[in-house]
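Just the one chain here, laid out as structure tokens, in the form predicted on its own.
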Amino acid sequence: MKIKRNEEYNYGFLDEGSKKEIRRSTLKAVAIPGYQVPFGSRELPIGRGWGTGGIQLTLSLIGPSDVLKVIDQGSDESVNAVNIKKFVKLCTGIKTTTDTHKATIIQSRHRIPEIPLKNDQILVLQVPIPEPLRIVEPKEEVTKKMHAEKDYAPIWLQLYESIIKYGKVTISTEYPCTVEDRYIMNPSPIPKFDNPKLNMSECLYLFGAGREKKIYAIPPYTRVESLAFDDVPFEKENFKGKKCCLCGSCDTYLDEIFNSETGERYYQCSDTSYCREVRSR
């Protein structure tokens, strides 16, 4: 049976050959959790460093029956989220949504939704710097060797020095984690509040770095542990005593908002979809 090809589907940005190459790299990334797979990053009408890796993954994986949701730091209405959504819709003609439950593919920058994702959903994260060892070793050939030999002493030393100097680990975003007791991975610039969501999740996490030309993945039901010492356990952000001014939630990641006119500070759910859902109840 011959399938009629939709000529408008590629829209001149990613051809079928490019999509196939990206999908092959994605399959390898899924097969080796946490391993950074090189791929031929294509040119898109967006400056590299602005989410081209995530967009290439989304355009390569999305199909006519998919429903897309795009968020930027938890918000559906930010400039980045709205324009990426428009761009993908223009290229593919697929449906879009702001409801996390209805989306089959979610592209995100800096956040993981508060609503637990299911095994029929894919979360694509935009990544500026995929290499977790870059902060301790600038040379690519050296970091590759360190991953191969599982030589992660320098990054443990960095955590130790932070504890000695400040009494705690001061990393707030891009907190490194170990995948299946093998590779140390950069979970993208998500707050460490979101790190526990990576562990044994039902959904597939895909990470795309367009400028660095790397793809890596966390398949469903994969063990992911944030780096921590036995006597200094991992701690995520604490919002004790604070709650969302709109929905009243006190167990979500909250953004602090300062009103310059009144001098008041108040808090609001970073995840706008979750906040709307709680209010609708």
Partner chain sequence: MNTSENPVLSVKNLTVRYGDGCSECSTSLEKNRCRKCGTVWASNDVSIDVYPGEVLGIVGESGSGKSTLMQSLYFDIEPTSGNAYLNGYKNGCESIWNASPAEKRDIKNKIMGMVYQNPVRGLRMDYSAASNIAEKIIATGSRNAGEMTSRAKELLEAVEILTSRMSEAPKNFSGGMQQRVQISKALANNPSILLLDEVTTGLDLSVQAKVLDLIRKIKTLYGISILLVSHDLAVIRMLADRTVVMLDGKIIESGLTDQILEDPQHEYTQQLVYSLL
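Positions refer to the first chain, counted from 1. Remember, predicted model here, so these are calculated numbers, not experimental data.
Only in words, not in the display: the form predicted in complex with the partner chain, which the text now covers.
Proximity of C250, D255 and F258 to the partner chain in the model of the complex is absent: no residue of the three has a non-hydrogen atom within 4.5 angstroms. Among the residues L157, V79, L90, M200, the one placing a heavy atom within 4.5 Å of the partner chain in the model of the complex is L157. A single residue from the set I32, L44, V37, V232 has any heavy atom within 4.5 angstroms of the partner chain in the model of the complex; that residue is V232. Look at 109 to 117, 96 to 104, 164 to 172, 124 to 132: in the model of the complex, residues with non-hydrogen atoms within 4.5 angstroms of the partner chain sit in 164 to 172. Using a 4.5 angstroms limit between non-hydrogen atoms, D151 touches the partner chain in the model of the complex. The closest non-hydrogen atom of V136 lies within 4.5 Å of the partner chain in the model of the complex.
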